[in-house]
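Here you get one chain, nothing else, as structure tokens; it is the form predicted alone.
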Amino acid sequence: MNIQGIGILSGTGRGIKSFEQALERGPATPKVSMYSPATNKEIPVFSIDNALLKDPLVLKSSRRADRFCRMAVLAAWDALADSGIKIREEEKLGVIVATAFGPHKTTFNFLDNILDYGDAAVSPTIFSHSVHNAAASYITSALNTQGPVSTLTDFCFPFHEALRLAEAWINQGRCQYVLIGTVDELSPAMEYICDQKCDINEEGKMKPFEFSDKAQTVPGEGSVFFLLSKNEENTKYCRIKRKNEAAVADMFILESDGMITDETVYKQLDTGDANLFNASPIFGGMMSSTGFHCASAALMLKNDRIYSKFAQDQNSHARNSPDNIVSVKYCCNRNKAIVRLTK
């Protein structure tokens, strides 16, 4: 499959150009969030400015959408716009949304309303937005798509499972193009969970190459979508593969962002044979961060360069341009999944 367009929304801003500029600048400074009015406890987070979620043109059919859905719609819209491809009606466009936690803020709000008002008086609007498939529904409405639609939820590998489904759809001829992406949001509840279950770096610094058995993180949020096609011609960015077998690579992107406590497992990839890369210092720690790492890889392959401020070796070895990049993610139980991207 080939990446023809990318749309992205994160703490760095909106759009692939904004993300590229962030890779040029280097590690970003997170914001501060007060997640508990009771304790007034503040933690650093890579959150999205709410001003970026207001686009009357794109969101004209999504006026009632919650924050989670708006993030997904904007990134999906931008991915299609970035490709420059006009999808004809006979060329069905599939949509796959992958997420770790879904619209959990709205879900908690819905449950709170049941407790406060009873199930007979709860808002039907809040209920309709509390289901995981709401974001995909808004995307199809905004883009007026006619192809298959699905939402996949998994704590560890939602993007990898979405790639498998996209590949099946394209190979079976169900659609010519697939918009595939991830989205997850921050909320006071998620910030509290991260504070309790993870070790948050109070200075707001991500340290992906420490390979620590007590890894630290800074929680993040965002959405990233890719327009994929089977067409081998005129590939705008690169080719993407989801096969899990070992492969020779010019670069390993380590998805070490503190969301699993013990990151010593990533140390085995530090052999000196390939560059090591991690861009989490600009978007933070997320269970569904694979899409953001793949966006970094796509830019490096397209631009024929390495953003050395995020490479482990910032000397001559890190300046070699890669042809084959493998993004590696380990889960808490040390299960492994990879995505391979090539020119």
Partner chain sequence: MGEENKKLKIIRKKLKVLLVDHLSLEDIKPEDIKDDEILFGEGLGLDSLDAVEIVVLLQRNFGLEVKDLNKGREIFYSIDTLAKYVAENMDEKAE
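For clarity, every value in this text was computed on a predicted model and none was experimentally measured. Positions refer to the first chain, counted from 1.
We do not show the form predicted in complex with the partner chain, though everything after this point is about it.
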Under a 4.5 Å heavy atom criterion, is Gly84 part of the interface with the partner chain in the predicted bound form?
no
Are any of the heavy atoms in Asn113 no more than 4.5 Å from a heavy atom of the partner chain in the predicted bound form?
yes
Is His293 close enough to the partner chain in the predicted bound form to count, meaning some heavy atom within 4.5 Å?
no
Taking the partner chain as it sits in the predicted bound form, is Lys309 near enough to touch it, meaning that at least one heavy atom pair lies within 4.5 angstroms?
no
Within 4.5 Å of the partner chain in the predicted bound form, counting heavy atoms only, one of 273 to 281, 43 to 51, 64 to 72, 297 to 305 shows up; tell me which.
64 to 72
Heavy atom within 4.5 Å of the partner chain in the predicted bound form: which of Ile260, Cys238, Leu269, Val122?
Val122
